[in-house]
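Coming up is one lone chain in structure tokens, specifically the form predicted on its own.
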């Protein structure tokens, strides 16, 4: 069985990564979303084990020491990490796995998984990004300013990614994500078994 594809989505806070992921999964149920572990408190409507695995800092650091994360980072004074075992098991079963992670984490994944597909999600502009952060209603003045300042710096990381998608109209952005995934599935390097079959049939004829 060919190994699944690792798809990394990241971008600044307020770009709408979570919204795109949820819509993409509705349209492509064969995709698997890796649920991250975090030490930040849940936002309204978030469910433990679905949105994130919520834990405390002491437990998170024990997981770091045990090597349980594919990547982890401290972002806006909270820890986030991707459980390694789950991702590896899904990929071995031939399933495509989506990681919705921050830019620090994406850089770690790129070192360890160079064949992953890296997609950068952008807001239409900074003003729209500010509106989206405010609309969440989970930030005070200090954390809002920090996220906006960080976003302006994080946008420069776009050039380290394979693709960039502007999240202006959600439906159109999701279609672009689907197109990227389909194109990546057709890459020659991801279809070695098919190529071996072609060579074998060619020799027999």
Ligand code: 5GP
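In this text, all values refer to a predicted model and were calculated from it rather than measured experimentally. Residue numbers count along the first chain shown, from 1.
There is another form of the same protein, the form predicted together with the named molecule; it is not shown, and what comes next is about it.
J.: Quick one: is residue 52 in contact with the named molecule in the predicted bound form, heavy atoms, 4.5 Å cut-off?
T.: Heavy-atom contact with the named molecule at 4.5 Å: present for residue 52.
J.: In the predicted bound form, does residue 39 come within 4.5 Å of the named molecule, counting heavy atoms only?
T.: Taking the distances in the predicted bound form, the answer for residue 39 is no, it never comes within 4.5 Å of the named molecule.
J.: Is there a heavy atom of residue 91 lying 4.5 Å or less from a heavy atom of the named molecule in the predicted bound form?
T.: The answer is no: residue 91 has no heavy atom within 4.5 Å of the named molecule.
J.: Would you check, heavy atoms only and a 4.5 Å threshold, whether residue 105 touches the named molecule in the predicted bound form?
T.: Contact with the named molecule, yes.
J.: Which one of 73, 113, 87, 117 is close to the named molecule in the predicted bound form, taking close to mean a heavy atom within 4.5 Å?
T.: Spelling it out, the residue with a heavy atom inside the cut-off is 73.
J.: 121, 101, 98, 129: which sits within 4.5 Å of the named molecule in the predicted bound form by any heavy atom?
T.: Only one listed residue qualifies here, and that residue is 101.
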